[in-house]
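Heads up, the chain below is alone and in the form predicted alone; it's given as structure tokens.
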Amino acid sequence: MEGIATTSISLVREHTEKVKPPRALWVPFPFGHALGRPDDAALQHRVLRAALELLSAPAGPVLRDFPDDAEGSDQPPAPVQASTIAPATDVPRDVAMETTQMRRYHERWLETSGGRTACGLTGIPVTRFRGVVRFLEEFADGGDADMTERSADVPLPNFVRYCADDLKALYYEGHLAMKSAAGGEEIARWFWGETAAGQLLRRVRNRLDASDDPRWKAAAFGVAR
């Protein structure tokens, strides 16, 4: 409307066909990998060039597929879902203690990443994540759990999702500090199969999904799949 040409990258072709943005490039990659495999600069540049080339189209809406000659090896594997990972028989039970231990590795991650982190959705500092754990435990047990940090304009299921995402980010980044070469599948299998936090989030997911409220069910999908 302001005369500014825009282009976009689509991960779900069916949605883009219905929304009809001015220009969109559909890519055959899983969620979280809009530009393709991490650290593959050549592939990422190809995707960006293909998206920017749509700006030359004289009229829209335009929806094109990423070039058919993209090799299968260019595509990262689909993320491993929690539902496909069986918990180990000796998973720790004390989530709060485990989280405190993971904070040490997360501090190492911050040092090596220049302070970059995915934690922060809740606005609660990692030094107070034991409180987040207690909140999630009470919620998973069916209690009327809440936190004073939850803003009045953030629905409870959304806040639960934020807490879960922050906790996962702490663990995932901490694991990378321990093993920098670990891939996404390896980290997912470790988190959902071997950590107390992973089992807690399974329980949180179960309570959300048991609700008849579609907003709760939507949050469950993101907490543990």
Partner chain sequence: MPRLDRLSQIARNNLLTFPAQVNETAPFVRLPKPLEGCRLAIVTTAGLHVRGDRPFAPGDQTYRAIPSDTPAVDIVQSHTSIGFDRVPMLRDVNISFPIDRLRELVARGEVGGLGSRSYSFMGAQREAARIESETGPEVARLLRDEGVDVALITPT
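Only the largest set of C-alpha atoms that superpose within 1.5 Å between the two forms is called the rigid core. In this text the structure is predicted, and so the values were computed from the model without any measurement. Residue numbers count along the first chain shown, from 1.
Quick note: we don't show the form predicted in complex with the partner chain, though the next part is all about it.
- E14 belongs to the set of residues with a heavy atom inside 4.5 Å of the partner chain in the predicted bound form.
- Looking at G60, you'd find a heavy atom of it within 4.5 angstroms of the partner chain in the predicted bound form.
- Though the partner is left out of this view, T127 does not reach within 4.5 Å of the partner chain in the predicted bound form, counting heavy atoms only.
- In the predicted bound form, the partner chain lies within 4.5 Å of some heavy atom of T117.
- The candidate stretches are 88-96, 142-150, 127-135, 105-113, and the one lying within 4.5 Å of the partner chain in the predicted bound form by heavy atoms is 105-113.
- The three marked residues, L156, G193 and L208, fail to reach the partner chain in the predicted bound form, with no heavy atom of any inside 4.5 Å.
- In the predicted bound form, A218, F221, G222, V223, A224, R225 are the residues of 202-225 with at least one heavy atom within 4.5 Å of the partner chain, listed from first to last.
- After superposition on the rigid core, the Cα atom of A210 is displaced by less than 2 Å between this form and the one not shown.
- Once the rigid core is overlaid between this form and the one not shown, G193 does not reach a Cα shift of 2 Å, moving by less than that.
- In the core-superposed comparison between this form and the one not shown, G184 has its Cα shifted by less than 2 Å.
- One change in the predicted bound form concerns A218 and E14, whose Cα atoms lie at least 3 Å farther apart than in this form.
- Three angstroms is the minimum change: in the predicted bound form, the CA atoms of V12 and R161 sit farther apart than in this structure, by 3 Å or more.
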